[in-house]
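Encoded as structure tokens, the following chain is the form predicted on its own, with no partner shown.
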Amino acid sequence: MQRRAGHPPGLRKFLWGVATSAFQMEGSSRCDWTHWSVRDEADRKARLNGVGHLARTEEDLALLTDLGVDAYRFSVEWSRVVPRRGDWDRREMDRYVRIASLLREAGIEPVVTLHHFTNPSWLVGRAGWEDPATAEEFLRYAERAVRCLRDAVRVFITFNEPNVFVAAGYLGGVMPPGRRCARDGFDAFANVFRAHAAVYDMIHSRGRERAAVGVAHNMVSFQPASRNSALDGWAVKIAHSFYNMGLIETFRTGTFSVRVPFLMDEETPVGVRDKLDFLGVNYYFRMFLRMSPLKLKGPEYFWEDRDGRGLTETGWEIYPKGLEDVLRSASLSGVPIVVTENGTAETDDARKIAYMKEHLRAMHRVIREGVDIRGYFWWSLMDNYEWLEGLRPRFGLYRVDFETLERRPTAASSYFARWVRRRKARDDASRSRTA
């Protein structure tokens, strides 16, 4: 992909921020619940009401000022603003516009995600992403949402982790629509790319200088379970090529292809070449792969504490070097990189701070190598509903009491605020010396 000259709008200085998604904060009775986790009554309430963000929006936004961040990533809930096919809830959309305007007034860059995993319930049973009609419906929603937000928002993310919701929904069957069909998964991914291309063209139709458009891409540090196993090494090569680099290669070439020996050999043009102003990278862990010649369904994957840092509350390994590895791979996109999510589920603040410190240092090592990174967003501002895990994981800088919905700052929030303050002061001093 050819590198564009200049700096994307909204990304001309390094952004320090935190990230959330509308559904996880607000809940919604209009989403497709089919395969989301429900372990108890608290989870059920959270699916409907999130963590009370609708009633506490301005209170929650004030926490951003306490953190000293200059960016906030949030999403618009498609099912909330389009509750029925063809209907538009102006009042709900006005609320998202107000959030963006309040952020802009406070000097905080709004970064808006248009699709963060959830589809409206009226699409269920009618069409999934394997159907081009879903991309058309998404474009209609995105056109109106962008029109409403355009005066306040300069940075848009079309899709959050398309490799996750397509792989989990069409291969693993653990996310909606809960299928296991490689052919449908290929078609779904191709339609997501086409939808991105259409939204990209729509946003830039009035001039490229007005906005930056990207995708938030989940990347994993894959490692062989045994370094002495050629099969494990082969599995890692395939996983990295498809899961990490497939999206990047599609934006580079404009053609989506999947070539897995004995499984699928497909390619189709999707029209996304050079339609990426920045690449968001979401990174959380290293994953080990083990391939057995006796298992024909693919490699076994697992997490294991090999460096002595322990596993997180979601059972993931803590592996800061993996962030360096995936950022170097992401730089092959030829566009600026933003770390759009990085975080850990921990109730032990000391462990959360250690994770944060090590990963921030890992990112800065890559920056010193010359990789063009324009921002870092911690996941998440506060504890919220976690897709396949319910309310158990505690990713937040602010702790939420799920009974009273009270928000409490953690030691990790204070540490992050101090880090951001020091880095911003250092960056300001550097700009002054070079001015």
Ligand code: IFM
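All residue numbers refer to positions in the sequence shown, first residue = 1. What you see is a predicted model; the values in this text were computed from it and never measured.
Although it is not shown, the form predicted in complex with the named molecule is what the next lines describe.
Participant: Counting only non-hydrogen atoms, which stretch in 149 to 157, 233 to 241, 113 to 121, 318 to 326 is within 4.5 Å of the named molecule in the model of the complex?
Facilitator: Answer to the contact question: 113 to 121.
Participant: Consider the chain as shown here, without its partner, and state which of D187, D277, E109, E161 has a heavy atom within 4.5 Å of the named molecule in the model of the complex.
Facilitator: Contact with the named molecule in the model of the complex is made by E161 alone.
Participant: Only one of E130, E346, E341, E77 gets a heavy atom within 4.5 Å of the named molecule in the model of the complex. Which one?
Facilitator: None of the others qualify; the residue that does is E341.
Participant: Taking heavy atoms and a 4.5 Å cut-off, does F395 contact the named molecule in the model of the complex?
Facilitator: Close contact exists here: in the model of the complex, F395 approaches the named molecule to within 4.5 Å, heavy atoms only.
Participant: With the partner left out here, check for me: in the model of the complex, does some heavy atom of S413 sit within 4.5 Å of the named molecule?
Facilitator: Flag for S413 set to no.
Participant: May I ask you to check whether D60 falls inside a 4.5 Å heavy atom distance of the named molecule in the model of the complex?
Facilitator: Outside the cut-off, so no.
Participant: Indicate whether the named molecule has at least one heavy atom within 4.5 Å of a heavy atom of D70 in the model of the complex.
Facilitator: Output for D70 is no: heavy atoms all beyond 4.5 Å of the named molecule.
Participant: For the stretch 85 to 110, return the residues whose heavy atoms include at least one within 4.5 Å of the named molecule in the model of the complex, in the order they occur.
Facilitator: Residues within 4.5 Å: none.
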